[in-house]
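Next up: just one chain, as structure tokens, the form predicted on its own.
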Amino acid sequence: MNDSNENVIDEFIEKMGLMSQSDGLPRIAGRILAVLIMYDEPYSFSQLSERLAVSRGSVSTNTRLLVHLGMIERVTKRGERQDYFKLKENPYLSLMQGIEARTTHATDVIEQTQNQLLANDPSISGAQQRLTEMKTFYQSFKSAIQDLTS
């Protein structure tokens, strides 16, 4: 690979780390994801650790997170004991399904709260209105996600 492409890839990896961090995830998770997006071959813990100049513990923690989010998967190579990681097929659908599940949960929490609050209590009328607005937002968001994933 030529140096120009390697520089572009390095920049992408760092930018993915920053994007991940701005989304509330660890920076290293975004950097790991970027490596697996850019390269065809699965990467081992040690390869990721070396490529990103981070500890194996950090790689372990963040690969578990990315597996849990449905973005990457753990794979093995015949005859080798170590685990490897690769980008999961259609990882973005898995990510959207996770967001949909969390949105459904948020809507359920809001509805339970509204149902448990005593009706006709003027001290919470503003809260009821804000809860209704919040529920409407989550319902609209879930509908948009379903449109994207269908």
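Since we're looking at a predicted model, the values are computed, not measured. Basically, rigid core = biggest C-alpha set you can superpose within 1.5 Å across the two forms. The first residue of the shown sequence is 1; numbering continues from there.
Although it is not shown, the form predicted together with a further copy of the same chain is what the next lines describe.
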- Should Arg102 be counted as a contact of a further copy of the same chain in the model of the complex, where contact means heavy atoms within 4.5 Å? yes
- in the model of the complex, does Val67 have a heavy atom within 4.5 Å of a further copy of the same chain? no
- Query: Heavy atom to heavy atom, is Val54 within 4.5 Å of a further copy of the same chain in the model of the complex?
  - Reply: no
- If you check in the model of the complex, is Met134 within 4.5 Å of a further copy of the same chain, heavy atoms only? yes
- Pull the contact list for 90-129: residues with a heavy atom within 4.5 Å of a further copy of the same chain in the model of the complex, in sequence order. Tyr92, Leu95, Met96, Ile99, Arg102, His105, Ala106, Val109, Gln112, Thr113, Gln116, Leu117, Leu118, Asn120, Asp121, Ser123, Ile124, Gly126, Ala127
- Query: Can we say the CA of Ser55 moves by at least 2 Å between this form and the one not shown when the core is superposed?
  - Reply: no
- Item | Core-aligned C-alpha movement of Pro26 between this form and the one not shown, 2 Å or more | no
